[in-house]
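Just the one chain here, laid out as structure tokens, in the form predicted alone.
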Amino acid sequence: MALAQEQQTSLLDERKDTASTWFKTLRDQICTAFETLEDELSGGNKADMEAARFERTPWNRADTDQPNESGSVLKGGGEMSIMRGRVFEKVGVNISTVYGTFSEEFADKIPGAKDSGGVFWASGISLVAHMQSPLVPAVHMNTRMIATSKNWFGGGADLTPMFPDEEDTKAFHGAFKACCDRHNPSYYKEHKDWCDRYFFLPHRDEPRGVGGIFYDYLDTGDWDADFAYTQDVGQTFRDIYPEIVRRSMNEEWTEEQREHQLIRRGRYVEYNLLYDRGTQFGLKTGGNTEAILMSLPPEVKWP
């Protein structure tokens, strides 16, 4: 019995290393793709600016067993990658691997955490891009692995245009439908519907954008298959979003379009601060505040 438990622990550790390494690899691939877009810009209102590059900032939690304000103990760290450029007004691509013990109150809300005595491990990548051009949609993507007494994956991607474009929406959804269909024919409808429910602002009775896919607590019993799907979600985003950016990034825009963009960004802020579970999870477990709030746009207006 002890040997079997030791083997199970060893396998889980191996899977944790595999997942966290993948999130870092995906981060590198996406950052390279986004820097390429910065280099390619040849028109629009910001073509005279210099192409930007990501600036990376590592962060670590103090190795302490003292609980934070929520009563949780968090250790580990991550790395923020932020770029402010001529295509991307602000984009953050963050990775982290954290572990520790949830407070009793918080453990009740996380699958398997109560049975693990609050012990958890989490690793993932989180990305939000706010664009210079109002004609290029903002975007969010994240994927993650979480381990308590249960082990599961979650994530997804959703598109938030300032001026919805049917071609962009069709391309984005088409890419993710193909991704889902490669793994399970039921995933696209399930995860699209989940996204539509999740990224919704009840106080305004409107969706945040044109959707995408979202999933959580994915544990089919086949870890390799669940991980393969999670990898494919990240790769699909890496490939389709730059295509969408290239469609409109060289077009001129007006001051009226910029004003509309700044007002629409207010919806993004409202959602992330009021409803987003990732934001709440990070803040309540004592995560890095700057990394958690990197999703907020650099400039926004409320009329």
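Keep in mind that what you see is a predicted model, and the values were worked out from it rather than measured. Residues carry their position along the shown sequence, with the first being 1.
Omitted from view is the form predicted in complex with another copy of the chain, to which the following refers.
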In the predicted complex, the one of T18, S10, T25, T289 near another copy of the chain [non-hydrogen atom within 4.5 angstroms]: T289
Partner-contacting position among R204, R182, K109, K150 - heavy atom within 4.5 Å of another copy of the chain in the predicted complex: R204
Non-hydrogen atom within 4.5 Å of another copy of the chain in the predicted complex for each of K90, E270 and L293: yes
Partner-proximal stretch of 248-256, 45-53, 273-281, 31-39 relative to another copy of the chain in the predicted complex, 4.5 angstroms, heavy atom: 273-281
Contact of R84 with another copy of the chain in the predicted complex (heavy atom, 4.5 Å): yes
